[in-house]
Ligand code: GLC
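What follows is a single chain, given as structure tokens, in the form predicted alone.
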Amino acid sequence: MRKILFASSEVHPLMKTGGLADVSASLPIALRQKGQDVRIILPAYRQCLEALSDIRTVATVKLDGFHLPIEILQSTLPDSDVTLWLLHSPQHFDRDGGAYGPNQGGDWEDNAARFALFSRAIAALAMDQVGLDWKPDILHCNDWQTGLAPALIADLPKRPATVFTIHNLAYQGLYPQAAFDALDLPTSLWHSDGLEFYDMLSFMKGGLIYSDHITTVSPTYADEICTYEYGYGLEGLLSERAKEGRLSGILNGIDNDEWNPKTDAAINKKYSAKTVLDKRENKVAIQRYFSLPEKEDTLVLGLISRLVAQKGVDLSLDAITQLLEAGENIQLVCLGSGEKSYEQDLRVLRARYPDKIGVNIGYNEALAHQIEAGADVFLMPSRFEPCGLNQLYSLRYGTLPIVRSTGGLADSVVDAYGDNLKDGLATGFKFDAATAEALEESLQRAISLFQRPRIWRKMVLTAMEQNFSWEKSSQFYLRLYDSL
């Protein structure tokens, strides 16, 4: 049994802004089920304190860079037996809003101080300096919010081995040098081979430079971030770490209990590969929900996404508009929020085609499950996608993904083309160029195959047979921990 401290700024169902939260719950649970002593450290956001009923204070500690003592609270991750520690500093985390900013958007002005304190707490726990009599063998940090922790313990004797996972390199935690000075960080960390990044403080670099091993959330993304297009100025550093054998990609898994059409209480009609015809009732339910004509022969496209350029929302809007203008028999149901211009574009499209477009601005977990069950295909034309989870959920529900061939999308979807289709291996549709024209071509292929029910049914069943549970992915992490 290994002792593993898993550090993350968000964990489902307590705080979630994206896939990081799902991974930060599912992977520790999978490791715990394999007999590992894994414990999660998470900021004590107000939402967490309100959601958890059994919380007790287990330690009080004074950390550098902040004048007041902070508390370590202990609870259990819901629906598991994984120990959960919460960093309780009301001045930093007990506030209305999200993990990184107010509900109306933007970032909290004190994010550098908030997550520097979080990293210091992680480091103190990792070195058993808070009086809990528990020291991990492995410290596993995730994304920039935890990036300072590996740097703070790098030179300490008898420290745990450190793993740093990049979930999205686009978000690096960059702040002016004045923030570095104000945070009272060790001056020895301020240099080009440390936290300094073009005269800025980079939280991300702390994880990349000082961790014993770096992982990303898919093999293809591990290659992509070593290139100029995807490296955000860090491609040289990442290439060097790859050459040292200290960068690898492990595809995320999904929670097969939460995302299971056979047992999903959020969908209209439960189904499995053996009863896949029952999926039709979910299609009717989603058409009814969005007040669309209930037509079985209409191809229903699902889109659940942050409405931002990374997700290729503009490509979806342009391609679907072209298909609707050409009179194609399709419908789009969309759930998401993000940039106001994209939200408005969706509203305009719905106004133009009220019998073809359904839009829900915001997020609704139950509705997300119903869309996954009710749509025929799922749109995910991301410009980049470190891993992606919705395409994995879609495969599980027999909803064929249409994806751009990047990151984890490239690694998890088999294109319905040539021998893949002939040999019964296809699970979705892929395209290369980040253009509306390339997406439209894939949509046309889907429309054509949808009119051939026997082939479509075979693809649906093949998709549902895929196994992207954490069972396999967690084994890769265990082997990595062994190697360290």
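Numbers for residues come from their place in the sequence shown, where the first is 1. Nothing here was measured: the structure is a model prediction, and the numbers come from that model.
This next part talks about the form predicted in complex with the named molecule, which is not shown.
Though the named molecule is absent from this view, in the predicted bound form it lies within 4.5 Å of a heavy atom of just one residue from 288, 270, 350, 306, which is 306. Exactly one listed residue, out of 126, 217, 214, 86, brings a non-hydrogen atom to within 4.5 Å of the named molecule in the predicted bound form: 217. Stretch-level contact check against the named molecule in the predicted bound form with heavy atoms at 4.5 Å: of 320-328, 387-395, 96-104, 202-210, the positive one is 387-395.
Heavy atoms of residue 14 never reach within 4.5 Å of the named molecule in the predicted bound form, leaving it off the interface.
In the predicted bound form, no heavy atom of residue 76 sits within 4.5 Å of the named molecule. Under a 4.5 angstroms non-hydrogen atom cutoff, the named molecule in the predicted bound form has residue 167 among its neighbouring residues.
With a 4.5 Å cutoff on heavy atoms, residue 252 counts as touching the named molecule in the predicted bound form. Along 5-34, these residues reach a heavy atom to within 4.5 Å of the named molecule in the predicted bound form: 19, 20, 23.
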